[in-house]
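Next up: just one chain, as structure tokens, the form predicted on its own.
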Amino acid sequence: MSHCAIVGINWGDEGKGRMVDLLTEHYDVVVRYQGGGNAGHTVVNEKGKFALHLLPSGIFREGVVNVLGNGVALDCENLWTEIQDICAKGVAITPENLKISDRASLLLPWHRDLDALEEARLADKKYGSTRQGIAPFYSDKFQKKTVMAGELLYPEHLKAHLADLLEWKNLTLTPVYGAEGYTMEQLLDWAADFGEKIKPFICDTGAFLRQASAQGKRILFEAQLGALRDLDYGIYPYTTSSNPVAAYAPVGSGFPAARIDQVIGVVKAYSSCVGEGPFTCEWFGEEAERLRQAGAEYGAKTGRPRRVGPIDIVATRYGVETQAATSIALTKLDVLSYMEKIPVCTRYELNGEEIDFFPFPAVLPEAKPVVEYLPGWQCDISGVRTWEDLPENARKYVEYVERSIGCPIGYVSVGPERDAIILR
């Protein structure tokens, strides 16, 4: 038995979905343990190209059970839309291969409203929210003001609970933001529509995971976003509102006794970032646009152009330490093939000194990148499938990154397709 977490090392969008899709061949269960519909995992396989926002990336593997754990922000509306879209492309989704924790809290319609209202109020000081309701949801969860998915199975209890929450939430929507409040009729209609649709999938997933583990089944824990967006360890306040770190996987999955044997950290061969906040190695202008075009760097959820730059060794090493990564998957190496020289941000300059540690978030905006260059390979490597067949300079680049971040690179991705991978 071996349980594994696949996590992001940087700002998110590292390519976790393609790695989960690849490695689920060796696992029986895939669990999403935090986050909601605010990010996307892109998967390319024989069925097509998919952008998953809530569904675990193991949904395409026959025989794999996919679980949405109690730590997930469960958006019934978007989840049902996603299920329909995936099923329409020939993927079977049933209560046999998708299970939703009865302890997962529901993201209610007013959470998206409050997210948009607060971002509008912040104006040029906004945090870069995707306006999917994630921050208001987790705020309400910690105030014990959310509805658990299991409550959908008890209609009278649900109705009374929603009435209490409605009275409280309208005190914020209307007096504070000047927005229109909700009615009980609206809430009950929403619950009857989207809540009813997901009811067949709701169960005690904690019991399921414990039993699966006892039977020797292998569990893969799938994170959303990356270490630098973690609420506690990221670039606060420009973070998500949950914990994408591997250490949270047992808690957010519903299996707190789980022992994680491997942590595969996913790192892009260059840097990309969606949203606001300090991004020390950021490029601008023509240089940035060329890299963005080469890597198709546009948000899977928002479509927003991602901020891009060279790989940031300082931030990546911090992410490796935060995630306790045991190995690394380096993705999108093929994107760098157009470069004559490959830039690498090796250190930061801060207050006139060069540092090699990731500083406290408050001083990050003052940090400047110290960039070195490695020779490029300038040829198409998207068809390469063995380490030996990679150009020498491509191998040297991978080995340089490996030494610099202090973690072995076990996988090198040279394309989005499932088989476009080199195993080391």
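This is a predicted model, so every value here is computed, not measured. One rule holds for the numbers: they count along the sequence shown, beginning at 1.
As for the form predicted in complex with ligand GDP, it is not shown, yet the points below apply to it.
- Would you kindly say which of 151, 115, 334, 230 lies with a heavy atom within 4.5 Å of ligand GDP in the predicted complex? When ligand GDP is considered in the predicted complex, the option within 4.5 Å is 334.
- Message: Looking at 99, 169, 306, 111 here, can you tell me which has any non-hydrogen atom within 4.5 angstroms of ligand GDP in the predicted complex?
- Response: It is 306.
- Joint contact, 36, 72 and 239 to ligand GDP in the predicted complex, by non-hydrogen atom at 4.5 Å: No, the whole trio is out of contact, none within 4.5 Å by any heavy atom.
- Query: Do residue 10 and ligand GDP come within 4.5 Å of each other in the predicted complex, heavy atoms counted?
  - Reply: Close contact is absent here: in the predicted complex, residue 10 is far from ligand GDP, nothing within 4.5 Å, heavy atoms only.
- Using a 4.5 Å heavy atom cut-off, state whether residue 416 contacts ligand GDP in the predicted complex. So residue 416 counts as contacting ligand GDP.
- Find out whether any non-hydrogen atom of residue 45 is located within 4.5 angstroms of ligand GDP in the predicted complex, and reply yes or no. No - in the predicted complex, heavy atoms of residue 45 and ligand GDP never come within 4.5 Å of each other.
- Wondering, does residue 369 line up within 4.5 Å of ligand GDP in the predicted complex on heavy atoms? Taking the distances in the predicted complex, the answer for residue 369 is no, it never comes within 4.5 Å of ligand GDP.
- Query: Can you say which of 324 to 332, 187 to 195, 159 to 167, 134 to 142 gets within 4.5 Å of ligand GDP in the predicted complex, counting heavy atoms only?
  - Reply: Careful reading of the contacts points to 324 to 332.
- Going through 12 to 31 from first to last, which residues have a non-hydrogen atom within 4.5 Å of ligand GDP in the predicted complex? Sequence-ordered list: 13, 14, 15, 16, 17, 18.
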